[in-house]
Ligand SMILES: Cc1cc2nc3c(=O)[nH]c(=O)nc-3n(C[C@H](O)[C@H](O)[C@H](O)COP(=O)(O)OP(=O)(O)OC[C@H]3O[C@@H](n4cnc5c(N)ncnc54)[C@H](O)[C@@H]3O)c2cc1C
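As structure tokens, one chain now follows by itself in the form predicted on its own.
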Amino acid sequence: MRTAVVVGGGIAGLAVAAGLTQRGRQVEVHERAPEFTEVGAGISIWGNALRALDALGLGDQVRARGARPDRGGFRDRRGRWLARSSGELVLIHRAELLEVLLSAVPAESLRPGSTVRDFPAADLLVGADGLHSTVRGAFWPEAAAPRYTGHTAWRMVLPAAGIPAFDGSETWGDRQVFGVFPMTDGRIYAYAAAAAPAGTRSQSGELAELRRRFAGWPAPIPSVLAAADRADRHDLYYLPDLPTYVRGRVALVGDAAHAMTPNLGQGGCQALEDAVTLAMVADDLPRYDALRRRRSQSIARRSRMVGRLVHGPGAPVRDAALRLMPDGLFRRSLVSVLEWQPPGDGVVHRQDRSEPC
């Protein structure tokens, strides 16, 4: 039996392990944490990533466990709509997505608390170990280090009790952004981002910092911040383009290959695309590189461009230009991102695989 070792037990690692197992590989998943879990907040699963999950037979479980907002979009500092989004979208807690992926990986394949120093022998070694990947460091020693975007981010999950119903949206101000979306089980997922030097932390606490920064912003932002009891903060980095995602028997997936800014909501989605593609073409690693590198790096560049638009100066000019944009132009600009399909030799395990974007 052909073997595979996956380093990293997050979304990308477990998804590729599930796909490889389904195709008859003997898989080991090494995770340095003592258990397979996620401590993050929410994650947006767009139609392209849902089709990747469909290919693993897991899409409907994610749809059932996540929230499916009818319509959202982007607002200006006064709460007026700049653009409305469309297409299939599921909002789910990262821990719940991980539970779904874990259900598709045999328990005997899991190696929690495993710090890989000498990479085990296998037919395939997969680096799914994130932004500071040890696999990338070992096999791509010339790779540039991750670069700070100049922005920091906060994330929160909180009860929705007492907060009036609202449409999920991302509000753009001058060099700051705040997103808030309903989730299942009476919860809200909220996030914010702003320019700040790397490593900066608020002496008064992160919630106090958010309440100061976003005082007077449109509803439901003030009530969300009043109800929150904590906010997790981390700086945003991206990975400069690699010349290849494959070296010999080694392949990179997810943030280890193309860590990107969150501005298009595609970091986790691209990791799922990677995982499914690699599982389908694991016997032809150059094909994996050809299928994934150009697309994922292009999306990463587009995400940084949107970040510059959101966080750059001149918010009134930006907002006026977006309002003049024809209603369908914004949605059409995302078609190439959202209409991805698994490679042609894959099997999608869902009857309805062609939801419109």
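Residue numbers here begin at 1 and follow the sequence given. Predicted, not measured: the structure shown is a model, and the values here were computed from it.
The same protein also has a form predicted in complex with this ligand, omitted here; what follows describes it.
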Name the residue from Gly267, Gly179, Pro182, Gly72 that puts a heavy atom within 4.5 Å of this ligand in the predicted complex. Gly267
Pick from Gly173, Gly168, Pro262, Pro220: which has a non-hydrogen atom within 4.5 Å of this ligand in the predicted complex? Pro262
Of the candidate stretches 296-304, 40-48, 316-324, 54-62, the one with residues having heavy atoms within 4.5 Å of this ligand in the predicted complex is 40-48
I'd like to check something about Asp129: if you look in the predicted complex, is any of its heavy atoms closer than or equal to 4.5 Å to a heavy atom of this ligand? yes
Although the partner isn't part of this model, could you tell me whether Arg32 comes within 4.5 Å of this ligand in the predicted complex, counting any heavy atom of the residue? yes
Contact of Asp255 with this ligand in the predicted complex (heavy atom, 4.5 Å): yes
At the 4.5 Å heavy atom threshold, is Ile11 in contact with this ligand in the predicted complex? yes
Neighbours of this ligand in the predicted complex among 149-174 [non-hydrogen atom within 4.5 angstroms]: Ala153, Arg155
